[in-house]
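What follows is a single chain, given as structure tokens, in the form predicted on its own.
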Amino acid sequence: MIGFEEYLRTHLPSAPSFHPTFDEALGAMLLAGGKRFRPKLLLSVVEAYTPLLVEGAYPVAMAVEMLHTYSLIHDDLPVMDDADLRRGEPTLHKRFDEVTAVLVGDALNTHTFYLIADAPLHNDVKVPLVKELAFNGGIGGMVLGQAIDCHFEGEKLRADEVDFLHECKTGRLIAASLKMGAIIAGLDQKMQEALYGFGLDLGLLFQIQDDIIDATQSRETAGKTTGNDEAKNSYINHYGLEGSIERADALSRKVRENLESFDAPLKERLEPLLTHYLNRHKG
């Protein structure tokens, strides 16, 4: 069985035409790298319970990575964060142009759902996968969070509003990745919701860590534009660096405790994936 990274590199989206750069631009940010954390979460759940379905789940994992990548491309645009570095490479609007970056983001977003529809899985599985990703990646999660983030830039939100913003923008796609793995594996509703809740905590931990990175690391070390959150409702701006590290420590403990509650097959596959992230704000 090929690995997911090889699958991704051999199944890049393609739109051959006489356009001089669009086809190249479609795969550029996917090829730039990334931790593939969301697809790995999904595949870890599938592997824990139904290993024979892992290869069949690759298109769905690819879809999750593609949706996440589209969000980064749009997030970096001048109208939003105006960033010039992502995954150690020039952002797409810098490498090509703004129109290309917008349209590549649009294309990756829509192609996400083609991949799920075309996956070698039963339609009774694919329909809830589409619903889960569309809601959590759209108005029920990531897009809503981005809208709040951009609208309230320069205004200080309440602490509960900051959590809601980042749960939507970051947490719900991570949570959906775990739940989608559970859907493919045929786990019951209770376990699907347990994994979703686990993912929400993990997503908030990630966001706090990301804010700490923005405040403490150079762009060269982080591989992306940093020092860009001064006017945003980041955790650093609300709690300071020390307070943010304390909050990350508390969330890390909660995630570890919940991880321990999972059965052995799931814990064995998630633990190696999470260990690095549960500790990365510490040093």
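When you see a residue number, it is the position in the sequence shown, counting from 1. Not measured: the values here are computed from a predicted model.
Keep in mind that the form predicted together with another copy of the chain is not shown, yet the notes after this line are about it.
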{"query": "E89, heavy atom within 4.5 angstroms of another copy of the chain in the predicted bound form", "finding": "no"}
{"query": "Touches another copy of the chain in the predicted bound form: G186 (any heavy atom, 4.5 Å)", "finding": "no"}
{"query": "4.5 angstroms heavy atom contact with another copy of the chain in the predicted bound form for E193", "finding": "no"}
{"query": "Partner contact for A215 in the predicted bound form: another copy of the chain, 4.5 angstroms, heavy atom", "finding": "no"}
{"query": "Proximity to another copy of the chain in the predicted bound form (heavy atom, within 4.5 Å), stretch among 206 to 214, 193 to 201, 156 to 164, 177 to 185", "finding": "156 to 164"}
{"query": "Of Y49, Y239, Y70, F37, the one that lies within 4.5 Å of another copy of the chain in the predicted bound form (heavy atoms)", "finding": "Y70"}
{"query": "In the predicted bound form: members of 186 to 211 within 4.5 Å of another copy of the chain, any heavy atom", "finding": "none"}
